[in-house]
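Take a look at this single chain, the form predicted alone, given in structure tokens.
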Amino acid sequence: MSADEAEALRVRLTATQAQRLRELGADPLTLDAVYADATTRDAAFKQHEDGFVRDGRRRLQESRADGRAPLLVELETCLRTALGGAGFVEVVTPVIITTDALAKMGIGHAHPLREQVFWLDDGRCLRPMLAPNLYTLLRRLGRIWSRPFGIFEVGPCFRRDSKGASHLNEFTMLNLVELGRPAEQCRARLEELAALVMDATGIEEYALVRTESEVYGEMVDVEVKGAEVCSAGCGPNPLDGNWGIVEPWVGLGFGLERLIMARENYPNIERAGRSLSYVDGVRLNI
């Protein structure tokens, strides 16, 4: 019997079994395993499922006993502490923005990103990003505060994003921006701020990768094991004139659920987000 024939006789998890283990947190090696026959496969599936169920119940009991906050809340707290300690001021802005605000970001009627926006009535939508509101505050605070100064916001954003293990329709962003630092210092400052956030998150290994944005043009992504967790850049940018910004700036936008997914090695982002199916990363149908 050839090697190909032998492989054909080996069996894999059924689609239902694989989905169940994926929801419970199985790693790719477990999901891709092959077995000599269906009986062996079914026994292995049951063993894996029982193990994940026991571990999930234990973690939920520990969360209840400790009164531990969800990982998303814990991360928000750590980031607020780190950025406040670095001199950044937290702001809280509206979730509903106008179509004019999107247009100022270069997202006009013909832009493909408009298809991902959750529209309300009267030319309003749920914000797909925090940048429009932060631009407005930078201009207004810039009339009052000396340079350089930094602000940040942590809050929900909404996009009709593509389906996949790393996308959510409702997700949590951290955006931080610093205005008025000399242009020649901006790239070094970007790296410094990325390190500040990643240290607060508890992720030691990451890479800065040059990329292109549909809105901003040349950008820098922060990646963990090849997965993007942040999009960052330096200004001035052609969009800045729409907001009355004429000074250099440094800005970074992190997806908090992606940070948790990367740190905890979750196989899907739903475990890290706002959910009725998971609590603290534990699937509830156990």
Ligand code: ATP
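Source: prediction; values computed, not measured. Residue numbers run from 1 along the displayed sequence.
This next part talks about the form predicted in complex with the ligand, which is not shown.
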Next on the checklist: Please tell me whether any heavy atom belonging to Asp100 falls inside 4.5 Å of a heavy atom of the ligand, as the geometry stands in the predicted complex.
Outcome noted: no
Checklist entry - Are any of the heavy atoms in Phe171 no more than 4.5 Å from a heavy atom of the ligand in the predicted complex? => result yes
Checklist entry - Wondering, does Glu204 line up within 4.5 Å of the ligand in the predicted complex on heavy atoms? => result no
Item to check | Non-hydrogen atom contact Cys234 with the ligand in the predicted complex at 4.5 angstroms | outcome: no
Checklist outcome for this item: Exactly one of Asp199, Asp161, Glu192, Glu74 comes within 4.5 Å of the ligand in the predicted complex through a heavy atom, and that residue is Asp161
Next on the checklist: If the cut-off is 4.5 angstroms on heavy atoms, which of these, Ile260, Val250, Ala26, Cys230, is the one near the ligand in the predicted complex?
Outcome noted: Cys230
Checklist entry - Does each of Val89, Arg139 and Phe152 have at least one heavy atom within 4.5 Å of the ligand in the predicted complex? => result no
Item to check | One stretch from 237-245, 57-65, 250-258, 38-46 that, in the predicted complex, holds residues within 4.5 Å of the ligand by heavy atom | outcome: 250-258
